[in-house]
Ligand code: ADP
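Starting off, we have a lone chain in the form predicted alone, written out as structure tokens.
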Amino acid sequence: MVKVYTIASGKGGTGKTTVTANLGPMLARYGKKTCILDADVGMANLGLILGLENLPVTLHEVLAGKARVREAIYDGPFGVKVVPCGLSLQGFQQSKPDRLKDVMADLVSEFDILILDAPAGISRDGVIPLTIADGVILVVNPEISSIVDSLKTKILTETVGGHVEGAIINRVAGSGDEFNRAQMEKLLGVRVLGVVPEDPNVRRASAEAPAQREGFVDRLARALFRSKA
């Protein structure tokens, strides 16, 4: 039976998309039929991280009723399947996030695990991924603003009938040996599923990867302004 998880955070910059982009491939590597889907139709960073930009069909076209979701599934690392959003501003304007439930219905029979990369913050579009998941996983940085915003997301999830599975504490200083798991669980009111230490190589890799793709800037510009071409 398929399990659907939404990766969420109260604020941007916690590393939510990076967690999604790494967790999905690892599950696929260990034999789980896994699909990761970019439910952040506005920012569309998941595909960008994985080198899937300027594609002919994305979740934008699916949510606009112009394509079937199977046309927007692409191969990712270690056999994970990826449903990215597009970078076109016109595509974002035409997409209807309410269709996401129908998209999920078309995917559940094909995979063991579906992971949704939700929009950061609290918004109407951001509520949908919280309600359709079996469990919501919060990505939290060990700082007061991230903790408070994650608590808001937790309360919102429970208010709309969703379930918070737990939290991943990301970007913990040092090796994480001094991290107080019990204290964080008390603050958040959920169990800590994992702790990821701060690593400058993650930021470095994120910055360097696009530059290594030949013609990246030109393709990105065409994708962003495709509606004006």
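Worth saying up front: this structure is predicted, and the values here are computed from it rather than measured. Counting begins at 1, following the sequence as shown.
Heads up, the form predicted together with this ligand isn't pictured, but that's what we're talking about next.
For the residues 197, 42, 65, 166, the 4.5 Å heavy atom test against this ligand in the model of the complex is passed only by 197.
Exactly one of the stretches 189 to 197, 24 to 32, 57 to 65, 156 to 164 approaches this ligand in the model of the complex with heavy atoms within 4.5 Å, and it is 189 to 197. Using a 4.5 angstroms limit between non-hydrogen atoms, residue 70 is distant from this ligand in the model of the complex. At the 4.5 Å threshold, heavy atoms of residue 203 reach this ligand in the model of the complex. Contact residues in stretch 1 to 22 (any heavy atom within 4.5 Å of this ligand, taken in the model of the complex) are 12, 13, 14, 15, 16, 17, 18.
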